[in-house]
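For reference, the chain that follows is the form predicted on its own, supplied as structure tokens.
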């Protein structure tokens, strides 16, 4: 299909974006500029898939890049958030749940393999030729509503043929040398679309790896691409398939010769991917990449894990948490297997970091996952109706106060205590026993740690 109606396009857009796109089309046409929907949005329209990314290009020969921001501000209602990105002259617009990017048509040149590109204003065709794959080098010119209903797909590189063949094809033989991160994008996009690498593209990737192109890009850029392997689960990506592609193509080994993706990591990582889409409990904000990397690397030798984290520029507390997951996994899973009652599970999981909790959930047995979900969704947010001030008023202080609070919390979780009155009665009894014995220690109190687990 090489034609599409304006109605089809607007019907496929988020309702929050329709007004913005119509406004941009009218403003561009009034200035005699050409406005195009480009890249993934066109691809997904043609595949009858939901549009995830909306990218638009202004073709304005000879215009300064500031024209993009001028058009955006003139076209958008006041409730639209506009952010200007100076380096590439791109403008992001957000309204409600809708977001789109507008840029000036541009060309890119690379001074060395893996370097960031040098950008210059260019024609639409030049802009499409700079893109990563043929299926992303498609464009649809948009007009103000009264001008034209049927729109022709601009396809200078054979992207429509690639769609029919279900393949990802680079546009020139040096593509991976110019930007090696395109291999990571192929590993994510291929499984999402059900596409494979074209034969010549696979050969070009192998040759680029043999020339050591991945040594030229920073750990930060590689890490950002790998982060999307896990966050793109929200777009329908199975992270296992992406990592398997990267392994089969030799990209992982190009990062570290001992880096592998073992079969034992597949089920846990697929579980993490599903958790991004349907969280098993209401989570505090966390980075899916961290539990993903912890689970992926956990069975590799410590020296390999350390090297990989250094290569990805993962440092500080995050690196410590990933490195420490092997020990945490053993200790916490063993504790869960022995835990009897909700308070015992609470004692095992208390203080664990959210990212480590997701990693633990991914590697646990089905019974262990049920324990984790119940604790995370219900028990950890339980607040007992007795405070430290209440216990101080009974004469408790120091470590004894903490032990009595822990004993009361355990009673509530296990259903032994039902209300504040029962909790205070138990507290008074524990104080009386301690006083009778002439000790500061309260018998029966369960040891608990309030220290945040940094692993």
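Numbering follows the first chain given and starts at 1. Keep in mind that what you see is a predicted model, and the values were worked out from it rather than measured.
Another form exists, predicted together with cytidine-5'-triphosphate (CTP); not displayed. Remarks below refer to it.
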For the chain shown here without its partner, which stretch in 304-312, 89-97, 176-184, 157-165 has non-hydrogen atoms within 4.5 angstroms of cytidine-5'-triphosphate (CTP) in the predicted bound form? 176-184
Distance check, residue 411 to cytidine-5'-triphosphate (CTP) in the predicted bound form, heavy atom within 4.5 Å: no
So, in the predicted bound form, is residue 70 in contact with cytidine-5'-triphosphate (CTP) at a 4.5 angstroms heavy atom limit? no
Hey, in the predicted bound form, does residue 208 get a heavy atom within 4.5 angstroms of cytidine-5'-triphosphate (CTP)? no
I'd like to know if residue 136 sits close to cytidine-5'-triphosphate (CTP) in the predicted bound form, meaning any non-hydrogen atom pair within 4.5 angstroms. yes
Which residue, 52, 394, 418, 47, has a heavy atom that falls within 4.5 Å of cytidine-5'-triphosphate (CTP) in the predicted bound form? 52
One residue of 270, 131, 241, 342 in contact with cytidine-5'-triphosphate (CTP), assessed in the predicted bound form (non-hydrogen atom, 4.5 angstroms): 131
